[in-house]
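Only one chain is shown below, in structure tokens, and it's the form predicted alone.
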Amino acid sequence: MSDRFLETLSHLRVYALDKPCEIAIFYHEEASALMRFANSAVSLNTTEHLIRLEITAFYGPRRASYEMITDLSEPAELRDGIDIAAEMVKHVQPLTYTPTVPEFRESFCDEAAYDPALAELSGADKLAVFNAATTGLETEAIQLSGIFSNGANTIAQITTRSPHTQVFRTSDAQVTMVLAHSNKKWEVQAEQSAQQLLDLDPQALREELGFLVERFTHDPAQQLPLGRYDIVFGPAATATLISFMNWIAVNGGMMKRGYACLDEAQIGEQVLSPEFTLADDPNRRETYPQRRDYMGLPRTPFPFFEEGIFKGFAWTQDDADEFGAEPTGHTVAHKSLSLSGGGEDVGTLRALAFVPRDGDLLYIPFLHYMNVVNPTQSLVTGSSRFGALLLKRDGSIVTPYNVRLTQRILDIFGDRLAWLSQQTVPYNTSSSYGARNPTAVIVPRFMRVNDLSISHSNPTF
């Protein structure tokens, strides 16, 4: 790895030392590539290389940040950024607390989650993955769309408090393949998350897509009656629910502001099912982890729930400063959330579909446009999409039209949680907006929850 950017940060720090305020410099460099498919053809194949610099000035209870997209060959422009932040902090409204300035006691570099073979994957290689996963599935009526995003992130930090730096480097890929019928309007989807090249498995994608196309081609479609169903969620749906729980359940700052569904009195209490064990585990490379946070605190596995018992809240440094709490090493762009597997030995959709069952099961792989209805009640809403199946008690299968669930997350992961599969998988939850921030959640391949209500049912796909 070139150390040019570290030399630049060191020079900027020396320049910032002459300012009457403290300065923290956050460097973000991304190399991003995107191949997009539409109508069974490549519709976009693009790359970009961006460098962002966020400069934060601290002056007692005042703090101001200035962000720029820049180039290392423009030192005057970089120094101007420091000047701007230092001037801004004179004029901002003071906070009700004094924010902590990062202070690194030693230099630290973490490249454990970086694989150049994945980061630099060629367009031809990405096309080969799509071709291997969809061979024989496309027809004149069934068209392919999707994306293959891959790239690398480099993050570096330095402050006027010390000359030490922190550096983090990761590689990531997100693959989404959708096959849609132009006349019948159904869509099926398969996805994969990768941190290293060996994580890519086009045959697994082909198996899932092939099974779904077979079902939607030959099995009857149906509008489901409203009512209560036993539901098996796929990894996309489960990861989305866990992501919302991260926001409205275990975030200390949200709790103090009155937007969380748990409170401090519940720490140590049996809040969820004994099947439910959730942690922030920076040892899981599939989550693109950072082994120190942006304040320099070491990050080790942090339990949120152990067999349903609530263990505690995550506290960023800023929320801890504001509310007088102890920071927990969570001043990071994303956590490494990992939901432990259970005892059910079902690892593929085909296996799930043909396991003997004592009643109907609704399989929902993906929750579309999910959002919070009431955060203090953990009430969320979302609709099914991309390949839901009704697995009938008699062994037959129906392809249902989309349905909507409006449920409490605490109920879903509480007494109604029936089982979790043994196998776990990483599900990529990265946003395509803003600076590259590769994120994935480890979840069981399948999760069964009983007696959930369907509030709306579509009459068509």
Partner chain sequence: MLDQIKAHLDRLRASGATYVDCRWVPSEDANALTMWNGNLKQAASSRQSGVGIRVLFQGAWGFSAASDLSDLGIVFDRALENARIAAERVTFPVRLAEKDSVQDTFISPCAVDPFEVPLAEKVAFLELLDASLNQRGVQQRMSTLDFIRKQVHFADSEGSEIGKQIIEVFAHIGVRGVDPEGTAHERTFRLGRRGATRGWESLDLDHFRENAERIVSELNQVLQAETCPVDDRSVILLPGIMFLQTHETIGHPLELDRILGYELAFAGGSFVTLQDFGELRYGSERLTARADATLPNSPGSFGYDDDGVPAEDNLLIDRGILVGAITGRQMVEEANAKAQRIIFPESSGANRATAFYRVPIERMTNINIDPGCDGTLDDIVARTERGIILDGDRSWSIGSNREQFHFACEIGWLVEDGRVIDVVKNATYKDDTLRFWNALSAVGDASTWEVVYVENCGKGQPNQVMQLGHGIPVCRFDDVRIGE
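Positions refer to the first chain, counted from 1. These numbers were taken from a predicted model, which means no experiment stands behind them.
Missing here is the form predicted in complex with its partner chain; even so, the following discussion is about that form.
This chain is drawn without its partner chain; in the predicted bound form, the residue among Val425, Ile409, Met35, Leu417 with a heavy atom within 4.5 Å of it is Met35.
A single residue from the set Gln290, Asn153, Thr134, Thr159 has any heavy atom within 4.5 angstroms of its partner chain in the predicted bound form; that residue is Thr134. Annotation: in the predicted bound form, residues Glu48, Asp318 and Ser383 each come within 4.5 Å of its partner chain through at least one heavy atom. Comparing 305-313, 119-127, 210-218, 282-290 against its partner chain in the predicted bound form, the single stretch with non-hydrogen atoms within 4.5 angstroms of it is 119-127.
The closest non-hydrogen atom of Arg228 lies beyond 4.5 Å of its partner chain in the predicted bound form. At the 4.5 Å threshold, heavy atoms of Ser432 reach its partner chain in the predicted bound form.
None of the heavy atoms of Ala333 is located within 4.5 Å of its partner chain in the predicted bound form. The closest heavy atom approach of Arg105 to its partner chain in the predicted bound form falls outside 4.5 Å. Contact annotation for 398-413: residues with any non-hydrogen atom within 4.5 angstroms of its partner chain in the predicted bound form are Asn402, Arg404, Thr406, listed in sequence order.
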